[in-house]
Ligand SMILES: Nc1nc2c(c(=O)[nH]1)N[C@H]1C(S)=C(S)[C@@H](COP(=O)(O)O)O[C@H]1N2
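First, one chain by itself: the form predicted alone, in structure tokens.
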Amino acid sequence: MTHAIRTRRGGRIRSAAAGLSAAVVAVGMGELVAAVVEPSASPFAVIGSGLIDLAPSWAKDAAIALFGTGDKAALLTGIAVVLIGVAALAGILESGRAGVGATILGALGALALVAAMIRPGAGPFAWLPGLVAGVVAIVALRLLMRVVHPVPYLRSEDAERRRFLLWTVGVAATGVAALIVGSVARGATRSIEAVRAALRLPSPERPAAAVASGAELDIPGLARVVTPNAEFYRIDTALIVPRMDPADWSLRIRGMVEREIEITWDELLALPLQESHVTLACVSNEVGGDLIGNALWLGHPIRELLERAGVDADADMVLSRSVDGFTASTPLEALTDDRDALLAVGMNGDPLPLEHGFPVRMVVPGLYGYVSATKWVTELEVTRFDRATAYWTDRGWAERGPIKLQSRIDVPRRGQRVEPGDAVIAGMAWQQHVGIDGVEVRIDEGPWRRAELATAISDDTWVQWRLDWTAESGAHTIECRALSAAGETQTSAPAGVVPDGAQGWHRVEVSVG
């Protein structure tokens, strides 16, 4: 009995291993084909993108809250874990009844095929990686099933075991090799990085004023007033970063306009460009969060392009579209008033990084990114809020996303131990397109004290602040609130990020001594 149980258990383990091996080689071959014919059709990426699109708002919000800018890596890891479980189960089922497990793995390939075909901008060979992955999975699993169970009359049990290990490891290794080759092939075809590196953007006709020396307080642990590109937060729905050659880029303006216009990359660079420091913030940024950054942007005013098109007087919204199908609904007045709403091509003196919208993106002061900051933008449709909806508004977020008055404490960090004596409390405050008039801090619910405000770059950027503090031994609670240039005081009423951004006072607890 014991020997029989061990035999059955060993058979299930071998069957599960066969399923895993078949899945590995299928994924590897699918990713290799995608790298060669169409990187955006990567089976992993298209299934992940589909899950992002289908996930409810609370799930996306939870992912961003838990993983921040690592949400995409967490999703891909989750997909891999689920695939491991499904593949192991498929192997076990295939061992019990031929065709069942192969059908399951083939269905996963079909799912990748369909997901790739229905993605916006799908190319003529978008179906091929999923098809290859499905076929390879079926063939590999059926072949491996032939070596799963020992045949003692033909070979010894040890020989059968070695034969099984040789086959499963060999098939899995083939899949890993295909993944590596695909990665190398994808890297070899990444000429867009070379194109970007070789670009020399025109000098701005309206350069930004130099950042005042008083804008940076130089306090360790305090966020820099201008965020380096490599540290700028990234939140979007693209699992695979779109790779657009500027020579192929164009922007179409259509809808409720007197005349449709289309401009190319060369035509955009020939227009008068201007620089502007603008702070961008994600609507998913929790109170005290870091999904916010400030950069020097180079671009052309969107309002001037809309003037050329001749906007209908009844229009009140512009629906922007990304090359990957993402849409954002921006209030028309935010693109036509005096703010520096830009069709941006540069970030902190360089062409836009690929992850931040290269070659062209939108930058609009005063609005959360989900209604304004479309990356890889290719179309502006002038319309109305009662006629069109966008990606996030379809998922329960507010139509309009004006930035809320916010402040946060960077120094000291939550839970940090502070030495008794002279110390400093410092942080950031912002309400883009309104401006900050002051920041107040209180300790242990004592009186509010006015902090020292750094020199603001402009009303469209965040501003640093500091307060000297004589730290006494013990546990302390520190809170801050901002005062806007419009006379508003930051509210203490807490609110989550849905549907239009978090609010409330930022509070940190520290220990002195």
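Because the structure is predicted, anything quoted here is derived from the model rather than measured. Heads up: residue numbers just count along the shown sequence, starting at 1.
What follows is about the form predicted together with the named molecule, which we do not show.
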task: Select from the listed residues F326, W397, W167, W249 the one whose heavy atoms reach within 4.5 Å of the named molecule in the predicted bound form.
output: F326
Among the candidates G369, G130, G427, G299, the residue which, in the predicted bound form, approaches the named molecule to within 4.5 Å (heavy atoms): G369
field: Exercise: A112 in contact with the named molecule in the predicted bound form, heavy atom 4.5 Å
entry: no
message: Can you tell me whether R234 touches the named molecule? I mean in the predicted bound form, with a 4.5 angstroms heavy atom cut-off.
response: yes
- request: Flag W376 as yes or no: does it have a non-hydrogen atom within 4.5 angstroms of any non-hydrogen atom of the named molecule in the predicted bound form?
  value: yes
message: Within 4.5 Å, heavy atoms only: does R361 come near the named molecule in the predicted bound form?
response: yes
message: To test your reading of this chain, name the stretch in 427-435, 361-369, 195-203, 254-262 whose heavy atoms come within 4.5 Å of the named molecule in the predicted bound form.
response: 361-369
- request: Just give me the residues of 271-286, first to last, that have a heavy atom within 4.5 Å of the named molecule in the predicted bound form.
  value: L280, A281, C282
